[in-house]
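Here's a solo chain for you in structure tokens, the form predicted on its own.
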Amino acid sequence: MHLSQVQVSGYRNLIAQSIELSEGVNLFVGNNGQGKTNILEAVHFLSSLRSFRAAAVRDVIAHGEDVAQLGAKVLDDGLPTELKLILGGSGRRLWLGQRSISNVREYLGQFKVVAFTPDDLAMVKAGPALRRRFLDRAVFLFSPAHLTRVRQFQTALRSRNSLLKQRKKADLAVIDSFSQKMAEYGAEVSRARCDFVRRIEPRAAAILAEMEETSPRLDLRFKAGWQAGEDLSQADLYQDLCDSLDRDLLRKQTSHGPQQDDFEISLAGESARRFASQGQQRSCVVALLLAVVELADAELGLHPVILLDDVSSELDPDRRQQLLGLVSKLGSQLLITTTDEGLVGDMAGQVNRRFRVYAGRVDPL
């Protein structure tokens, strides 16, 4: 699977343009603030209908514009697919080829990407939100319906929290109805996250061992944000929400649930967050991200497009070359941004297309 062309209009600071991409390595070079990350974000939006920056839709529409329009031409085993997305105005509108579609599920999964960002490199030492975001992006790659489940759960959670803030006894029955919805969607979300942690662990451990021969063994452990049995059942989540209702009314927010899910990263049985060096923590993250791509190849039989957003500048030279060397072996199309072409080092000879990004304009070199 690779992206042959991306079109943008009214998107952040990018001028209206069409960018022709190589099947191999595509390098975008430019100073900070010129629009490099916006290109990768637009590609990610075309894949998942959301930003890897966790930005709201209104944030990606250029100042003074009513809508942003994105388009892509994708080739998968030689078969072309055209995607089109309009954001803003009367809402989100989607096309597959020349056909307008209203069913998001029909759109999602047509084009798969994996994004590596500087924020991801902080995943080990950051709070649980970053790790949940990583899990949800990864699970979505394998099961696009997961995104819908997450949104359904979040809608129920917001409604329950809104009622908790009002603290009206007459609302208890309504609160209970949203607890049931949270349990219905939330148990499925947590199960998908837990299952993915189990599937990715051996591959991530093997990649880390390849990167650093002396590295302690990497282990992952999913930690549900609620009193869950091994099967992470809907009934258990609902019971936990009922049991914590009095406390939630006092705190005016839901204390238990998938919104508190996390997973622990350990090296030789010790918390990587507490005891690993910054370099080791970043190596763990690189191993996790590369394991996602390997798993996609093994389970889905495809090579997702890899978006590498200025990560090279955040790594020391040895780890940078390890990352670029491992990524180049995966067989995926690469879109890489950097402020300094020299940072890609040995990969420079493998770059198929280079672009200069300046003031929102993308010019081939």
Partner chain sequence: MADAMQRLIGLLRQLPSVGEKTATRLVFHILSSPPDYGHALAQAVADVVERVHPCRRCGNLSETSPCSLCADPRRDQSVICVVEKVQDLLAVENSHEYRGLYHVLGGALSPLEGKGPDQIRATELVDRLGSEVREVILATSASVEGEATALYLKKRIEQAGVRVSRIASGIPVGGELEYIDRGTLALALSGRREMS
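Residue numbers count along the first chain shown, from 1. Just so we're on the same page, rigid core means the largest C-alpha set that superposes within 1.5 Å between forms. This is a predicted model, so every value here is computed, not measured.
Beyond the structure shown, there is the form predicted together with the partner chain, which is absent from this document and is the topic of what follows.
Trainee: Please identify the residue among S162, T81, Q239, S255 with any heavy atom within 4.5 Å of the partner chain in the predicted bound form.
Mentor: Of S162, T81, Q239, S255, the residue with a heavy atom within 4.5 Å of the partner chain in the predicted bound form is S162.
Trainee: So which of R149, R193, R282, R131 reaches within 4.5 angstroms of the partner chain in the predicted bound form, heavy atom to heavy atom?
Mentor: Filtering the options by heavy-atom distance leaves R149.
Trainee: Would you confirm whether the three residues A173, D176 and Y185 all fall within 4.5 Å of the partner chain in the predicted bound form, going by non-hydrogen atoms?
Mentor: Judged in the predicted bound form, A173, D176 and Y185 all sit within 4.5 Å of the partner chain.
Trainee: For the interface check, one of 122-130, 83-91, 177-185, 240-248 should have non-hydrogen atoms within 4.5 Å of the partner chain in the predicted bound form; which one?
Mentor: Flagged stretch: 177-185.
Trainee: Taking the partner chain as it sits in the predicted bound form, is R158 near enough to touch it, meaning that at least one heavy atom pair lies within 4.5 angstroms?
Mentor: R158 belongs to the contact set for the partner chain.
Trainee: Wondering, does S266 line up within 4.5 Å of the partner chain in the predicted bound form on heavy atoms?
Mentor: S266: no, not in contact with the partner chain in the predicted bound form.
Trainee: Looking in the predicted bound form, any heavy atom of S215 within 4.5 Å of the partner chain?
Mentor: No.
Trainee: My question is simply whether R221 lines the interface with the partner chain in the predicted bound form - judged by any non-hydrogen atom within 4.5 Å.
Mentor: Output for R221 is no: heavy atoms all beyond 4.5 Å of the partner chain.
Trainee: Who in 88-116 is close to the partner chain in the predicted bound form, meaning a heavy atom within 4.5 Å?
Mentor: Heavy-atom contacts to the partner chain in the predicted bound form: N103, R105.
Trainee: Return yes or no for S271: a CA shift of at least 2 Å between the shown form and the other one, with the rigid core superposed?
Mentor: Result for S271: no, shift under 2 Å.
Trainee: Can we say the CA of S90 moves by at least 2 Å between the shown form and the other one when the core is superposed?
Mentor: Yes, the C-alpha position differs by at least 2 Å between the shown form and the other one.
Trainee: Superposing on the rigid core, do we see a C-alpha displacement of 2 Å or more at S162 between the shown form and the other one?
Mentor: Comparing forms between the shown form and the other one, the S162 CA shifts below 2 Å.
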